[in-house]
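A single chain, nothing else alongside it, follows as structure tokens in the form predicted alone.
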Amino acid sequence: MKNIGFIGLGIMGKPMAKNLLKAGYQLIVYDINAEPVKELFEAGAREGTSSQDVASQSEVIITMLPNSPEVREVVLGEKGIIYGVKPGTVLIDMSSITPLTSKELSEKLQQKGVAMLDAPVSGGEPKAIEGTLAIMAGGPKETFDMAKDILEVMGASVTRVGEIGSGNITKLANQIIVALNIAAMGEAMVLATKAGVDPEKVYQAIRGGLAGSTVLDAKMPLVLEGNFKPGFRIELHIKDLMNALDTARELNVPDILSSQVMEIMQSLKADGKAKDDHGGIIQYYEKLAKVEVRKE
């Protein structure tokens, strides 16, 4: 059984690490916040003192961090992974970052004899807890094949989509579709409610047809309860869409709808709702229409 280092124990990382412990893997963990490290230690993990320390004791290292700058700092910064890692180690970065950053880090690590996968996830906190995330991986096939058993502890769907960077391209595509779905749901349900039709009945009527989706079933019941407790925060979706928009512009790809949803989310951030769940995008439409979409 491989020794796995896990760096980044936030909303997503902590339950993912716990699932690896439950599966019997030996874990050494590190986070800048002491509380989740203590919780994992009490569950059976060892504590690392730095990213470098974790790397020096691991055969596989998993990172789950907020964005590109944090991943770059953990890998290349002071007491970073690159200073402790041994040749033959594998780094699996499960953060949602820019594809260019994944490629840059992979090139640096290759010089140390270290292979890398970029393997971002979709599903939010509930699926991280259940171990049923969708994991989209980029990197060498032989590295993916070696790591697949580990990834399958955390995900119900684990797919290699191509070479390094392609995992994050896939995640950006995923985040565009999710954001646009949530915005469409909000626009439609505010229209129905303003017209005097019970939004819960509208939801039940359409969920089995072409308008039905995983997004609709995940978010609409929460909206009807007025529950915007974060499974995935608006501020994090803003980060992902920013990466998507930057990548689209680098590739000369139009981003018309994504840009519009970004403006909606930025407006919500300005209203103090950045830490709400991204299902709270509906609040933008509710505010303008002066109506709330709730159970009767």
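In this text the structure is predicted, and so the values were computed from the model without any measurement. Only the largest set of C-alpha atoms that superpose within 1.5 Å between the two forms is called the rigid core. One-based numbering along the sequence shown.
Missing here is the form predicted in complex with another copy of the chain; even so, the following discussion is about that form.
In the predicted complex, segment of 221-229, 71-79, 202-210, 89-97 with a heavy atom within 4.5 Å of another copy of the chain: Among the listed stretches, the partner-contacting one is 202-210.
Contact label in the predicted complex: Thr143 to another copy of the chain, heavy atom within 4.5 Å: No, Thr143 sits far enough from another copy of the chain in the predicted complex that none of its heavy atoms falls within 4.5 Å.
Contact test in the predicted complex: Pro254 vs another copy of the chain, heavy atoms, 4.5 Å: Yes, Pro254 is a contact residue.
Contact test in the predicted complex: Ala156 vs another copy of the chain, heavy atoms, 4.5 Å: Because no heavy atom of Ala156 falls inside 4.5 Å of another copy of the chain in the predicted complex, the answer is no.
Touches another copy of the chain in the predicted complex: Glu187 (any heavy atom, 4.5 Å): Glu187: yes, in contact with another copy of the chain in the predicted complex.
Residue (of Ser267, Gln52, Gln26, Ser258) lying close to another copy of the chain in the predicted complex, criterion heavy atoms within 4.5 Å: Partner contact (heavy atom, 4.5 Å) among the options: Ser258.
Contact residue in the predicted complex, from Ile150, Ala192, Ile129, Leu109 (heavy atom within 4.5 Å of another copy of the chain): Flagged contact: Ala192.
Contact check for Leu9, Ser56 and Tyr83 against another copy of the chain in the predicted complex, heavy atom at 4.5 Å: Negative, none of the three is within 4.5 Å.
Any residue of 164-202 that, in the predicted complex, places a heavy atom within 4.5 Å of another copy of the chain: Ser166, Ile169, Thr170, Ala173, Asn174, Ile176, Ile177, Val178, Leu180, Asn181, Ala183, Ala184, Met185, Glu187, Ala188, Val190, Leu191, Ala192, Lys194, Ala195, Val197, Lys201, Val202 sit within 4.5 Å of the partner.
Glu163 C-alpha moves between this form and the one not shown by 2 Å or more, core aligned: Glu163: C-alpha displaced by less than 2 Å between this form and the one not shown.
Core superposition between this form and the one not shown, C-alpha change of Glu125 at least 2 Å: No, Glu125 moves less than 2 Å.
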